[in-house]
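Listed next as structure tokens is one chain, alone, in the form predicted alone.
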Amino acid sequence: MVVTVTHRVISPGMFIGVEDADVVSFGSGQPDLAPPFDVGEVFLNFSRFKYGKVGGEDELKAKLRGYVKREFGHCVDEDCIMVTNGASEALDLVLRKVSLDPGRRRVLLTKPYYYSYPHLARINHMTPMYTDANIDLEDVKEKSGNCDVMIVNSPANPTGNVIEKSVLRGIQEITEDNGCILISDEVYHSLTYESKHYSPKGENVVTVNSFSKTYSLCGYRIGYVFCQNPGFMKDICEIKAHTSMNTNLLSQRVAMECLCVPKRHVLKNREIFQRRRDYIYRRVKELGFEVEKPEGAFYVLPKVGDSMSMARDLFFEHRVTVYPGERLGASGHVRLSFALPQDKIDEGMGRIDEYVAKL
């Protein structure tokens, strides 16, 4: 899809992987902080060049089993964990598996949403339905009864909201009663600022995660998925065998190194992001925008009015990138990521201040 505004074009993928020294990008959902060790050392000592196991290397899965129990409180066997090409492939594989069952064609999403969710649903011949991100359990109960999958994302992209433990438990119980699979996307689990992360549990829960946000490994495309149902995992592993086969072996080795790093590295990074959160929230408020303070992740979502026009003008006239909310189910808002150095945040907010002053 391409959105055209006068003579200028803004497309959903135009900023992904693009670097420009003259542009301050609040668009990128990837940490600027370095990985927690010297990746070059891994390269020097790596000599695997043949196919690996489709579900992931045994050593990494064994490490993940312990990590999943320690960090999320889930007790799963290694045959219920699969390593994937980022969380994106994990989401796609789960939806593919569900869509192969006759008649299972509806996905319930919270709105606003991560921009790929509705596209992944449609790619897998499923129809997205929506409930508000400020969860109303009665609405979830009514709508999930007509759905086969529900996706929750906490902490959330693009809002930074953290869903309360009691609400997540309610969602899990409702979806289980309705025979609905609950996909819990927890890629920002390490970035909660005022509350402790809770990971829903249950036989209908499929948890998706990655190393991208916690360990700054977005470009390595290393994620994982786990659940309590070995049969379900076997089925999605079979799908992966005929699509991408094994996940990059070098990336898996790098992920292994991450799991050996003391947790203080992750906590230090969280403190950095929290300071940035506080700063950008204050600056956005001072500019007069209505905005909620994010409880997690690294995004703010101010209400701005004509977000497509603002995104266009900021990019072409002020060399600042923001994401228009139309892509995220949040019309009239823009998303700003604060996963960039403090000096760049300050510079970018100064440019946005100039834009506002001209209005």
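Heads up: residue numbers just count along the shown sequence, starting at 1. No experiment lies behind these values; they were computed from the predicted model shown.
Beyond the structure shown, there is the form predicted together with a small molecule, which is absent from this document and is the topic of what follows.
Heavy atoms of no residue among Phe289, Pro324 and Tyr355 are located within 4.5 Å of the small molecule in the predicted complex. In the predicted complex, at least one heavy atom of Ser210 sits within 4.5 Å of the small molecule. With a 4.5 Å cutoff on heavy atoms, Gly160 does not count as touching the small molecule in the predicted complex; it lies far away. Under a 4.5 angstroms non-hydrogen atom cutoff, the small molecule in the predicted complex has Tyr114 among its neighbouring residues. Taking non-hydrogen atoms only, Asp185 approaches the small molecule to within 4.5 angstroms in the predicted complex.
Only one of Ile181, Ile236, Leu108, Ala87 lies close to the small molecule in the predicted complex, with a heavy atom inside 4.5 Å, and it is Ala87. Just one of Ser251, Asn153, Ser144, Thr131 comes within 4.5 Å of the small molecule in the predicted complex, counting any heavy atom, and that one is Asn153. Only one of 269 to 277, 228 to 236, 187 to 195, 169 to 177 lies within 4.5 Å of the small molecule in the predicted complex by heavy atoms, and it is 187 to 195.
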